[in-house]
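Only one chain is shown below, in structure tokens, and it's the form predicted on its own.
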Amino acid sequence: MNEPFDAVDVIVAKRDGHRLTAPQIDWVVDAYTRGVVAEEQMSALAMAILLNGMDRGEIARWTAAMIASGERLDFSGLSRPTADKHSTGGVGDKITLPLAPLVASFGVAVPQLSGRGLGHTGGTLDKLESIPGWRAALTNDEMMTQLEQVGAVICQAGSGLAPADRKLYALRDVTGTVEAIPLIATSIMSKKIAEGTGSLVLDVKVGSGAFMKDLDRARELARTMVELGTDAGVRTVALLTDMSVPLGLTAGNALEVRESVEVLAGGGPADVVELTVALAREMLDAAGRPDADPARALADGSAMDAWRAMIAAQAGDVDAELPVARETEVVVAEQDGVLTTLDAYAVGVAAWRLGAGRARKEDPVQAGAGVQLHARPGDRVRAGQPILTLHTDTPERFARAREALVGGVVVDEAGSTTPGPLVIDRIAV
């Protein structure tokens, strides 16, 4: 079959800083998905995009081409408006768990197509799979039925959504091009737009435990994604949120589920509650429920009712005991003083090394592994006071987890620290 373009010409155009045309973009994404453009050619193009960037039109077209590589879901037959949330990932980021049922309790459908964790950031599906019986894989029909009847679903994305992204995502990982903002934005938004939601709220993390360490780059990514969603007809807003300290008091699968249930019961750590409510307000506003009071739904039990219905609908035993790690080890303060540093990345790597995360997609995870926090930055602690508890089934992992925490947990005799705001900025078009 004669191809309308030559891959080398497309690579050279972007290498030399030119704008790719719409037909070039449509062809190269399709041809790569079909295997006509070789892996090494797409690697070269990804690097050229990393170095020379793309403009708003190119990014929108690339996103459309990725969507066109697969199926699109259609929620227009539902009796409820739809709202979705996407987080760029962090440490202790269990917000999806209380957020989806909370928003659903106001008559909004929340289709959360989620992923598994890789490296130091946890995956929502891994967390929920610590609930006995719960299943992540649903057919499209099962998902639609659950959205209509329960209002919230958290499940794995089907292989039919943006297959070009799945192929390109794996390539970026091994070619040093993960950081290209146009490719991050198109990867996230192609799946979210193909998912068919009417509105989308983005939680773009910034700080040591986030994918984006730098505020300016996080803001650029957020703006790019908001523009992409808006251009595609999806009402989109982004919050920039702090990820220099872990969210809540747990990092690890069953540990985070337990904490999420505390939030749904009207308790839980203040920062998790604050961010859950802030994102819920944005989602409810975008879905046409501006007067809804999410804080009230956490207090009066209606969010908990929606959680129980959502877990049960996916065969989870909502009353079962959650897994507990077989071994624990406590990290204590070495001196009196103020806890000035509790670095999110260090805690995330420690949790990962304890067995809560995976280095490769096929690795298993331990449901009970992770890190529990007993103090927050700014707290005054005494020598010997517990700061963290490490949890794992395999105690030989403790040494490497402790190594990850060196320099990440700092107690200063004369120190003080004032935490910054959790929600740093709001970005809308």
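One rule holds for the numbers: they count along the sequence shown, beginning at 1. For clarity, every value in this text was computed on a predicted model and none was experimentally measured.
Heads up, the form predicted together with a small molecule isn't pictured, but that's what we're talking about next.
Peer 1: Have a look at 69 to 77, 127 to 135, 165 to 173, 244 to 252 and name the one stretch with heavy atoms inside 4.5 Å of the small molecule in the predicted bound form.
Peer 2: The contacting stretch here is 165 to 173.
Peer 1: Even though the partner isn't displayed, in the predicted bound form is L228 close enough to the small molecule, meaning a heavy atom within 4.5 Å?
Peer 2: Output for L228 is no: heavy atoms all beyond 4.5 Å of the small molecule.
Peer 1: If you check in the predicted bound form, is L239 within 4.5 Å of the small molecule, heavy atoms only?
Peer 2: L239: no, not in contact with the small molecule in the predicted bound form.
Peer 1: Can T96 be called a contact residue for the small molecule in the predicted bound form at 4.5 Å between heavy atoms?
Peer 2: Result no; T96 lies far from the small molecule in the predicted bound form.
Peer 1: Is there a non-hydrogen atom of L275 within 4.5 angstroms of a non-hydrogen atom of the small molecule in the predicted bound form?
Peer 2: Result no; L275 lies far from the small molecule in the predicted bound form.
Peer 1: Only one of H120, K191, K205, K85 comes within 4.5 Å of the small molecule in the predicted bound form by heavy atoms, so just point that one out.
Peer 2: Looking at the other structure, the residue within range turns out to be K191.
Peer 1: So the small molecule isn't shown here. In the predicted bound form, which residue out of S187, S260, Q314, Q112 has a non-hydrogen atom within 4.5 Å of it?
Peer 2: None of the others qualify; the residue that does is S187.
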